[in-house]
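The chain below stands alone and is given in structure tokens; this is the form predicted alone.
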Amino acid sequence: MQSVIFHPDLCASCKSISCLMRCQYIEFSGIDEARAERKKINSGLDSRVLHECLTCYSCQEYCPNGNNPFFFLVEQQEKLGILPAPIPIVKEQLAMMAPRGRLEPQKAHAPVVDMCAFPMLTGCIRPPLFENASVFSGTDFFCNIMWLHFAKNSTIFERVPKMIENIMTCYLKDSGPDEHSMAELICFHDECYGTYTTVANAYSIPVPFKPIHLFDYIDKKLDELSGKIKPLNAVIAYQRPCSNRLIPETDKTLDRIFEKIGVTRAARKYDRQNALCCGGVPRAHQRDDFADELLEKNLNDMVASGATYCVFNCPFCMATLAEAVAEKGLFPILVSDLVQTALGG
């Protein structure tokens, strides 16, 4: 199996072991224990971390050296057969999310929006924010980053290059502004952008197009549509998704978006680098008690913040929490739909 780019010597010289010491789900007696467990992982040995890891991506953001500690951890889980979810569930998911060969090439025009495996959300791509956009979705274009939650690095290596080829062949081959410019792809989901940037770099997978994060697209578009903005004057609670840990720079762009549409991001205990998983991942791992605990912590934190909206950028997070936050009096909404509301769309 191919390996991610990881430098054990750089990890061994780390003084903070932030990847483990800052973990919100695994406790250590101190930095010496954390260092010892990290050494086991780096040496290809079993470690309790490999069994207890929630696979929330956080250590990838916490690493001060950009050394891909989470990707390497997942690689070791797979090598040692320590799968976070029961094997029947992993097999079921692998079959359900496999490419189907249902490719329908079409002449695309900018902006080209990748909805990943969420065709049910294509209604979000509408004017004025997405005027005349080309849209595609389906498992033949699925970014496959979810396998990080299931210790299946091998599936990422196997499927992602094919997905990239499908995207280029079916939608982006002739969509560049000119023959000398790289075609641009707007990634509706954090996970897609994280795949075609951070993951692709760590796994040495070439990407022949320019990924554009949804937030960067919206931020720029709001400047063009500034005359149509009607400030919402609302307080929102943002459920930061796991995948944003791979691309933390985009969180600042989101703050600019909120400012432009007149909403205040509530100061919460469980936001930004302290964000908690929505609970959907441990539920998929059949760790229901853990999932219930995370759900309660998130809900209580959101209610205490005084927010009236709960804003999501991950469809999975929204599916996990939407009903629960609505019962608490918060309106669940995606970032793009919140912006459309401010634009009257």
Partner chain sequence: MDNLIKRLEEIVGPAHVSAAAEERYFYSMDPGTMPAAPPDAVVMPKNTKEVSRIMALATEKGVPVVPMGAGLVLSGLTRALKGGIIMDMKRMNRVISVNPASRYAIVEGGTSQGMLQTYLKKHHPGLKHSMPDAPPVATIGGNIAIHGSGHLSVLAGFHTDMLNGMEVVLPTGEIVRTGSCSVSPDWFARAPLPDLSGIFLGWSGTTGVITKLSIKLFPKYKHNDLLVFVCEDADLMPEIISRLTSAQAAEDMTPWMTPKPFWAKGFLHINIAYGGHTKEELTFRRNLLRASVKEYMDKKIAGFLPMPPPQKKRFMKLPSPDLARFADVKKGGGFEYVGAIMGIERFPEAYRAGLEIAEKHGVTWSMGARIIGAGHCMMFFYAYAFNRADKQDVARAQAALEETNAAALLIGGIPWKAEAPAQKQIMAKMDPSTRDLMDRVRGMIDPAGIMNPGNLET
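Positions refer to the first chain, counted from 1. Worth saying up front: this structure is predicted, and the values here are computed from it rather than measured.
In what follows, reference is made to the form predicted together with the partner chain, a form of this protein that is not presented.
Stretch-level contact analysis of 60-68, 33-41, 303-311, 288-296 against the partner chain in the predicted bound form, using heavy atoms and a 4.5 Å limit, identifies 288-296. With the partner removed from view, the residue among K162, K79, K91, R256 that has a non-hydrogen atom within 4.5 Å of the partner chain in the predicted bound form turns out to be K91. Under a 4.5 angstroms non-hydrogen atom cutoff, the partner chain in the predicted bound form lacks T55 among its neighbouring residues.
Heavy atoms of V235 never reach within 4.5 Å of the partner chain in the predicted bound form, leaving it off the interface. The partner chain is not shown here, and in the predicted bound form it never comes within 4.5 Å of any heavy atom of D9. For L45, no non-hydrogen atom is located within 4.5 Å of the partner chain in the predicted bound form, even though that partner is not displayed. Residues of 76-98 that come within 4.5 Å of the partner chain in the predicted bound form, judged by any heavy atom, are L83, P84, A85, P86, I87, P88, I89, K91, E92, Q93, A95, M96 in sequence order.
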